[in-house]
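Below sits a lone chain in structure tokens, taken as the form predicted alone.
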């Protein structure tokens, strides 16, 4: 029986563990640095059809309808006056029981944890080093170690275990932008709504059937030290003021549980020489968050790891590199298009949006190739 060690209990690591548990032919453990899971978080996540299709293989349809939302459209608005620019009928990409879904991150995590035996997850693991021989030896603080035949690293954009096996610092860079995240109340629109402004954009969407909604804004900011070392409450107020001055959206009365974080992305694609090491999710590659594929690509990469472990495929990194190029180009283009500030560029951007949102050939190539 193959022994698998998964480092990181995020979406990617937990989804892979579900596949291994369902299969029953693997001896696996998850090593997680956190002492406890935060299973009450109200922030949301978007799952496109490609991610939902894979989640349905482990019983995602069992989640109560009350706890999820199926948006029909992505609506594009001018942030200043909230005027609708155009919309894309996102539900046209749904197939069988695979629906574009928005959900609380905590609900998704509870679902992913449900079928994994507690003894399979080792919390509070501080990995000191990783030895690579015929097997892997993971050396953990307090003279504890774990042995495995395969190693799957899923511990995020700042993965230290990734640096240990590649023997190099991960190639990441500050994306000259920050994310403001929060929960919305008094929102009755069931769709994904995207508000475009100068040097920022923000997105809202329901996460269940109780009018609870997620809010996230991506704002241009080049001063990383300001975000890392400044007073978080003062900085949040400063950015909310920027949004308020450029939009009639009611932030003050509707937005709560606000947090802020700088955005980091991968600057190049790296892969280990050892074919028994798999990097997955953000540990493999982190995208700009303007194509809403973070969660779905974490699931997709974990599924590809499983196929390689099963011997169904043997080209994991070649396959992921091609997919990464596809997602990266779309994410970067979206980020640029959503945040243009020149009035003339905005005018032509909006005309293009109106045309392209109704062009089935474009939508099939731009979205369909990813979602299917």
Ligand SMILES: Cc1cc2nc3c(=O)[nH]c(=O)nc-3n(C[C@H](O)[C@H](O)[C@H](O)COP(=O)(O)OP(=O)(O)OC[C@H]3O[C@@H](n4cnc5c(N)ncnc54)[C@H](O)[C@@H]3O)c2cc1C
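Here the structure is a predicted model, which is why all the values come from computation and not from measurement. Numbering follows the first chain given and starts at 1.
Below: the form predicted together with the ligand, not depicted.
In summary, the region of this chain contacting the ligand in the model of the complex, judged by heavy atoms within 4.5 Å and restricted to 212-220, 67-75, 235-243, 184-192, corresponds to 212-220.
Site residues 135, 165 and 317 are none of them in contact with the ligand in the model of the complex, judged by any heavy atom within 4.5 Å. With the partner omitted from this view, the residue of 272, 198, 230, 156 that lies near the ligand in the model of the complex is 156 [heavy atom within 4.5 Å]. Only one of 140, 179, 172, 258 comes within 4.5 Å of the ligand in the model of the complex through a heavy atom, and that residue is 179.
At the 4.5 Å threshold, heavy atoms of residue 105 reach the ligand in the model of the complex. Taking the partner from elsewhere, residue 11 is found to have a heavy atom lying within 4.5 Å of the ligand in the model of the complex. Contact between residue 34 and the ligand in the model of the complex is found at the 4.5 Å heavy atom cutoff. Heavy atoms of residue 294 reach within 4.5 Å of the ligand in the model of the complex, making it an interface residue.
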